[in-house]
Structures are given as C-alpha cells and as structure tokens.
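Just one chain follows, in the form predicted alone, and it is written as structure tokens.
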C-alpha cells in the first residue's frame, strides 16, 4: 500500500489534518512538538465505484462502497514538526527526516493564513509568508539528501572513473534507503544532461540541481494550504498557486472537516467527506454555539472554496501526483465475483502504465508466474501480458493450472 507523509513546521494544523483524514484521536494542542512520535493511520480515497455502471450490488473486502462511491484505504503518516536547521539535527530534525524515508509522497501542510511564524509560534494573521515555509521544508530535505550523497564523494567519483562502478547505479545505491530507484536516477541524469558527465567534474550547483529534481520525481508533493477559513488566506493561496501550480496547491480547512466528520459521526448532520454542503438532521439536538459553528463553516469554507479541501488533498496526492489508478480484479468476468462469490470484492491502486501481468504479480506471485492472459470484463476481450490497464478496469486473470507435486 503506498503511503504519504504529512510534513510541515509546528503548529500549522498537521495533527488536525491527520485526525480529519483518519478520525483517529491524536493530541492536538497549539504548541511546538505536540507530535513527537509519528502517528500512522488509514485514510480513504474517494472514487466513483463501477458497481452502478454494471448494475450490481457489490460487497467489497478491501475497501468500502457507500452510495456508489468506493473508499480505498491508504496509509498516512503524521511526522514531527520541522524547523530551520533540521538537517543539522535541530529540534527533532534527524528523527523527522529519518522517518520520512519510506514515504511515497509528501503533503506539505502550511498555514495559508500566515498566523504562525517561522518557529511555529502564533502571530497576527497575514504577518508571515507561507511561501517561506514551503521553501524551508524543501531546503532542509534537499540539504539532508545532499549530505548523504556527498559522503566520500571524491572516493565515489574515482571508483566510477576507474570503471569499477557505473554512475547511475552507484548514485541509486547511495540513495536506495530513501525509496529512490535506479529509474528515478536515470531519468534525472538524462533531464539535467549529467548522464555522460564524470562525477569528478560535477559542481556544487550540479549536485544541488540533481538532488532537487530527484526528490521531486521520487517523492512528489502536494501543498495543503490549511486554515483557508481565515480571510488573510485568500491572497496567500493565490500566491502559492502562482508559485507551485493549481494542481499542487489545495486550499483546505482541516478544522472544519474534523468538525463536520465528528458531527456526522454523532448523527447531528448528514455529510460525506469531499461534499460541498451538509444537512442538519435534528436542529433541536444542536446548541446555539454548534449551530453558529456550522454556519461559519458554511460561509467561510464551503461557500468560498467549494469544500473543506481535505478529501481533495488526498485524492490529488494519489491520483495526480503519484499517478495511481484504481482497477478491480475479479475471478469471473461475467459475474464480477471472486472465487467465494463476492461481487467486485477488491480494488487495487496501481501506477498508471501497469500491465496485465504486473497486476497478476501484485495479486500473487504464483498468479504472475503462471499468467496466460487477462479478460477485460467491460469489453469481454482478451488482453495479453503487456496490455496496459486503464482507470477503473475490471480485470480477470487467467493462469495455467499447475500440477500438484507428489
């Protein structure tokens, strides 16, 4: 299961966003270093299920289907707050950076209202620039990776130049603990025209550019522009989008989303994550303060931004930045069931470009090894092993029967 990490300086709402995504009880206080150990939880991507297209009643095993929407579980990690100098071990820097190694993607949580200073202390809204916070996080991570890469750099360069090692392989090996692959390294070397350059001739700028591009490719990021309910955030969200792009910056209010989910859990309102509105179920059960709070959420968040943005942050991370697609493997392409009769039982998140045989290996190694062909349940056609899967494909894998060993 791919996993993403929530990162950011202290006191920007990371723990609140984590709670809103996972509904797990974590300690939420407006002070630095509230999160000391990483919180790990399960959040859910929200996609349109194929059950209604096929006019079937599904009974999922690895996910949830409600009202024609499929909720796909993914792992989310809330890391300790980051401060300037983290790569030198300041604050909880070493711990933070080490725990980030396994993440496939990064969600930068920033205070879009500018109401927390560089150290995470409260300050008047609009008095701090959130763009600086994004730059600090990027700089700290880049310097950390650069430090790893430069260890014994001269010796490393000589080994390559003497023909003992290949440039791409040695760089990938040095950074493999960060989930940086040989493919990532080769792509960036090609992109920066460093493929044919001897390591000994690389300048400091070459190294810095290599690390920057490599990290962005290996661990794509989304910026969660939090606290968008505060008026000062409007202009800052615009500036963030201009700097990083509309598909990267998502305005959100973790506090509003958490309040709505908790109210829905208690049966006070009808609300589904990602919706643009909510419905009060029983007004008499709500206090005057609660009614006022809901009205504020409607006026300052839903009416302004269209949603709280929390569900969108997660969906954009996985489907646009990590470029994943959902596919539905089944045993029987006609009944859309598994071997136990469950209808559309599973949905797999796979990288765009995944082939039919690669899906078979994801399901089970033996299924991949004995792959014969696949069947597209929608079109009722056979697919070869190199056929590339498409979003929301319903696929049946046909494998050769293996004789039992005596």
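None of the values given here were measured: they were computed from a predicted structure. Residue numbers count along the first chain shown, from 1.
Below: the form predicted together with a small molecule, not depicted.
- Residue contact check for residue 222: none of its heavy atoms lie within 4.5 Å of the small molecule in the model of the complex.
- Remark: residue 312 does not count among the residues lining the small molecule in the model of the complex, judged by a heavy atom distance of 4.5 Å or less.
- Shown alone here, residue 172 lies farther than 4.5 Å from the small molecule in the model of the complex, counting heavy atoms only.
- Of the heavy atoms in residue 226, some are within 4.5 Å of the small molecule in the model of the complex.
- With the small molecule left out of view, the stretch that reaches within 4.5 Å of it through heavy atoms in the model of the complex is, among 124-132, 318-326, 246-254, 281-289, 246-254.
- When you look in the model of the complex, the only residue of 293, 230, 304, 182 with a non-hydrogen atom within 4.5 Å of the small molecule is 230.
- For the marked spot (46, 60 and 63), a heavy atom within 4.5 Å of the small molecule in the model of the complex is absent from each of the three residues.
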